[in-house]
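Only one chain comes next, encoded as structure tokens, the form predicted alone.
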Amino acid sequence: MKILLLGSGGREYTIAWKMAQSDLLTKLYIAPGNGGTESFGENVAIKGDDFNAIKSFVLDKNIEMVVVGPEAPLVAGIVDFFKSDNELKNVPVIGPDKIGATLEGSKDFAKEFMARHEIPTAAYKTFTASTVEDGKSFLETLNPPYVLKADGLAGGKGVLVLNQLDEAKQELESMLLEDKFGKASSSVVIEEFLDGIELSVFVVTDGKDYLILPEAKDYKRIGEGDTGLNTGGMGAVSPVPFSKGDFLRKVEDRIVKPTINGFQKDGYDYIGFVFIGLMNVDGDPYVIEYNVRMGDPETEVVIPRIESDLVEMFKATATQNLANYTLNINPETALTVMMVSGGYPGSYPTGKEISGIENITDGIAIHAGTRKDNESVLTSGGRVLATTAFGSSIVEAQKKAYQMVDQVSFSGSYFRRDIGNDLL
């Protein structure tokens, strides 16, 4: 089977790594890929939002399936583009249609979906530039901390949790009136703060049936102890110790089932992954957000725990045959640590040579923001490399992952040393 994978980060590297293990795969192309993905296939210089270039490539190479890694092409409507094109309509795309992808593209849209289908979530209201004063008044009715969310896509950085009311009002003005997050914050969702432990549950659906994949917990803040600015993610752990038994049954009954049923009732053509960001509040799950693809860096611990054939899972998803797919999971703990460029999530240099990747044998060195320059591997992004290790416990996986980090170096590298500590 010839497959085109769209994306260039650690998520796509991990998916490519896993798909390359399948006997069903005959050729893998990654567009645009990164400095490590060419180990599993052929990198192609096509951007995920260039639908016409993707079409030409799919037809030229007789691609039999397209797997979409990041959210942007889905929110832009790549699935609708394929289904409306006579030459492409029979090529399956792993990902939801544009209306389904709006669950990630708009926080307000997602909140309305949850309200409509009685899915537990925090109370909220949405504001725009013309209602900014109403937003300030609404903040006065809430207890701190105050949660402000850019309505649109902001690369995982559009959420602010603030302890001071005056600061929350200032940031609301900055988001709505000064375009702090660009178009993403032309609307802002203000919601009540949920006090609990965060985790993510991942589901794959073929439109009628679903499978619950391994859950994970990621670490968004740049600083240890969850301090500092939000990032795209500094590490992740799977499984999450408290996510089992009664809690997981609540997640499935109260959230997963009504979500999948909601897709069907609302008429979404939803094929692919559902990322459900949750808060465990005294043993009860509440939805923080939906994403319409796998998370990053959660993919770096979730996909390696899947022992079944990933291409077979994608094929079953595309043909509405998930009910007959057997999902086998490695029971061990997987932990990943993200090495980032100095200065991230603000401005940072690129082009720094990375050394030591070849020394890693007891785990997976996952390329994220890298590029090849002849035989050298250079940094090309903020989040550069993830080290994923397995262990019989969090402590063992943690020890191995940090041993891997110590084997790799590039100028200005930074990483958190406390990934998983809060779960011990």
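Note that residue numbering follows the sequence shown and begins at 1. What you see is a predicted model, and the numbers here were worked out from it, not measured in a lab.
Below, we turn to the form predicted together with a small molecule, even though it does not appear here.
Although the partner is absent here, residue 220 is a contact residue: one of its heavy atoms lies within 4.5 angstroms of the small molecule in the model of the complex. Of the heavy atoms in residue 242, none are within 4.5 Å of the small molecule in the model of the complex. Shown alone here, residue 253 lies farther than 4.5 Å from the small molecule in the model of the complex, counting heavy atoms only.
At a distance threshold of 4.5 angstroms between non-hydrogen atoms, residue 171 is out of contact with the small molecule in the model of the complex. Residues placing heavy atoms within 4.5 Å of the small molecule in the model of the complex fall in a single listed stretch, namely 288-296, out of 316-324, 243-251, 329-337, 288-296. The partner is absent here, but in the model of the complex a heavy atom of 198, alone among 209, 269, 198, 178, sits within 4.5 Å of the small molecule.
This chain is drawn without the small molecule; in the model of the complex, the residue among 108, 80, 191, 312 with a heavy atom within 4.5 Å of it is 191. Not one of 237, 366 and 401 comes within 4.5 Å of the small molecule in the model of the complex, counting any heavy atom.
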